[in-house]
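Below: one protein chain in two forms, given as structure tokens, structure 1 then structure 2.
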Structure 1
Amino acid sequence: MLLFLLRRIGVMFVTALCLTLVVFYLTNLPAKLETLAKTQAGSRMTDEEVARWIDRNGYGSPVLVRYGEWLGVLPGWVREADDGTVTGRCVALRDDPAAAGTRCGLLQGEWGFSTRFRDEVASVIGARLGATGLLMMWVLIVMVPMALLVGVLAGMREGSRTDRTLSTFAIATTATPEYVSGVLFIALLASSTVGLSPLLVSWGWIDGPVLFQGNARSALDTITLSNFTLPVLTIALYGMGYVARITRASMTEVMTQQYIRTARLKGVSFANIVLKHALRNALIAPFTVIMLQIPWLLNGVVISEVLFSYPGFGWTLYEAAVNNDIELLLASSVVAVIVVLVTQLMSDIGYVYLNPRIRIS
């Protein structure tokens, strides 16, 4: 088991290294650097000024060298101006001229500086991750029980009318990507001129102009039902269908097992069979899928946070990508990769614990 863990963590490191190298290369293409220079220092720069800006801000050295600097295995760049002031990667990061020429990268705990938010990457990412953590927590709280309920109800009597209805519902949710369901929700529930809200207002059922808000920015201060429901539902709905279908498949398989038939012949009531005999075994597969679903939710998080302008991790990723904020984008991809790989690892380990028949050798 320990060996397995060590090997998985080793693979994780190699994957993360390869991925960050790809991101680094693609964000440091000459054309992208030019765009960055123009957004940072004025869009009317001549080619010569752009070249000077790139050189002055330390983007001039070869990509691999700068990747090493970012990782912290090579000393950061140093540049001495004509009047004797020293600038450099570490000088800017640590705010200390003496730090010039030392190593300051990921290994030293320095995540770099965000050109978009003009702040330390670590503090930007930290704050946004907290906001997204809350969002994800509510998404999971809504999604998992709903998906399991739908799956179990559909799977306990295969082919029944309940099964047909719930399966179709599950298929429909997998066909509704976040940008579609988000738009539908806003038009239906968060508009003061169309949808349900004007109707409810005229009946006097709600106080405000709309039932739910289409903008979740206020959720940063206080989370209320009104500002958080739509983003959470939008993400949860798309992920739900898939988990529900896996649960249903797993449940139908368990219900055909010998021990279920034995229990039935013994005269155990149907509710007891489902709750005590079938459920535990049927939930092994969905557990794995739920863990693997978390990285997929990241897509939904980006779309939903952009759509509802909720400044979390997804929104930050979007802003960083649009503005080619290299170090913020790298940090975001590191976080995203860690989420993907850790959830994979957890699903493997959880699978072994839930299913004693499987042993990792």
Structure 2
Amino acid sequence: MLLFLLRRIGVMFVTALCLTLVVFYLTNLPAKLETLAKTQAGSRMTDEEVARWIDRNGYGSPVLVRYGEWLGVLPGWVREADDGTVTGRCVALRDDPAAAGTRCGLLQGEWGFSTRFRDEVASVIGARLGATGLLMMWVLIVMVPMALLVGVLAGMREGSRTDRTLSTFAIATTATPEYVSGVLFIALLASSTVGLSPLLVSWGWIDGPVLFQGNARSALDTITLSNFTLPVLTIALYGMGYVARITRASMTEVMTQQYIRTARLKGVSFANIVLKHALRNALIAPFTVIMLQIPWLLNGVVISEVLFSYPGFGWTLYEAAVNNDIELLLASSVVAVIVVLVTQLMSDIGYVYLNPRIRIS
């Protein structure tokens, strides 16, 4: 196991290095740098002024050199103006220019400065990642039990009416995009003029104008049933169908195995067959899918967070992309890559504990 972990960590390191290099190259294309220059210094800049701004702010070096500076393995760029003013990557990231070192990248804990939020990238990412973490936690709490229940009930008796009904429901949830289900939920449950809320108000069942809030920004201060239900339900329903379908297929396959038939012939009750013999083996494939939902939730909640005005990681990624915030985009890519690789490692380790027949060579 130890040798396996060391090999996987080595592969993860190389993979992260390659992916971040690709993202760094794409975010530092000449067109992107020109857009950044005109956004920061003025849209009416001439080509010569753009070139001077790019060189003055350290973007004129070769891509691999700037990538090394960003990682922190190469000294950061330094420029000295005619009046003696010294600027540079490390000077810009440190409050005290005299204490600025020569290297200031990821290895030194320096993530850069966000041009969109006018703050250090580490602070922006940390706050937004915590907000999305809360959203992910509640989505998984709702999604995973519901998906497993639907999948197991559908797969226990293949071809039955229950199987067809639950399978249709799972397909419908997966086939409905988040921006469609989110808008429908807002119209039906968070509107004071249409949907269910006006009817409940007229009956005197609710005190406020709406049953649920269509804006989740207040959840950053206090999470309530009113402001967090719709974003959680929107994301959970979309991811639930896929997990339920995988669970159903795995359960159906397990129920046709020879040891299940033997247990039936021995007179074991159907409930014990499902719970003691079939369920554990049927959860191996869904376990991988559930682990894959974690990086999907981290990066795939962009639509839901923007729709419900919830300033989490996805919303920040959207803001960084729209405003061409290169440093924030790079930091977000690093976080996303790390989450994907770590969840894959956890998935491989979990295989061994779910099925003792699986061994690591």
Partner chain sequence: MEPLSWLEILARAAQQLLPVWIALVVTFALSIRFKRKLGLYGKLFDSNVGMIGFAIVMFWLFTAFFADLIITHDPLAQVSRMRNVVPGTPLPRPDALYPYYLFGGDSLARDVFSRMVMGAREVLRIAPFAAMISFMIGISLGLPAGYFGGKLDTGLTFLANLVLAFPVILLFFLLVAPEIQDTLIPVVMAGVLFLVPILFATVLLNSRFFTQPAKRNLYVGIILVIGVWAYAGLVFDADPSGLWSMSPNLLNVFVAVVFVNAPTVFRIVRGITLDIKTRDYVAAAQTRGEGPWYIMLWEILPNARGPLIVDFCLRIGYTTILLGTLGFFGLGVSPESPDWGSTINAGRRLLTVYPHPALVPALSLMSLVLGLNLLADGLREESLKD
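We call the rigid core whatever largest set of C-alpha positions still superposes within 1.5 Å between the two forms. All residue numbers here follow the sequence of structure 1, with the first residue given the number 1. Just so we're clear, the structure is a prediction, and the values are computed from it rather than from any experiment.
Peer 1: Given the two isolated forms of this chain, which one is the form predicted alone?
Peer 2: Structure 2, not 1.
Peer 1: My question is whether Val144 is one of the residues whose C-alpha shifts by 2 Å or more between structure 1 and structure 2, given a fit on the rigid core.
Peer 2: No: Val144 shifts by under 2 Å between structure 1 and structure 2.
Peer 1: Tell me whether Leu107 is among the residues that move between structure 1 and structure 2 (Cα shift of 2 angstroms or more, core superposed).
Peer 2: After core superposition, the C-alpha of Leu107 moves less than 2 Å between structure 1 and structure 2.
Peer 1: What is the Cα shift of Lys266 between structure 1 and structure 2 once the core is superposed, in angstrom?
Peer 2: Taking the core as reference, the C-alpha of Lys266 is shifted 5.0 Å.
Peer 1: To one decimal place, what C-alpha displacement in Å is found for Glu253 between structure 1 and structure 2 with the rigid core superposed?
Peer 2: Its C-alpha shift, to one decimal, is 2.8 Å.
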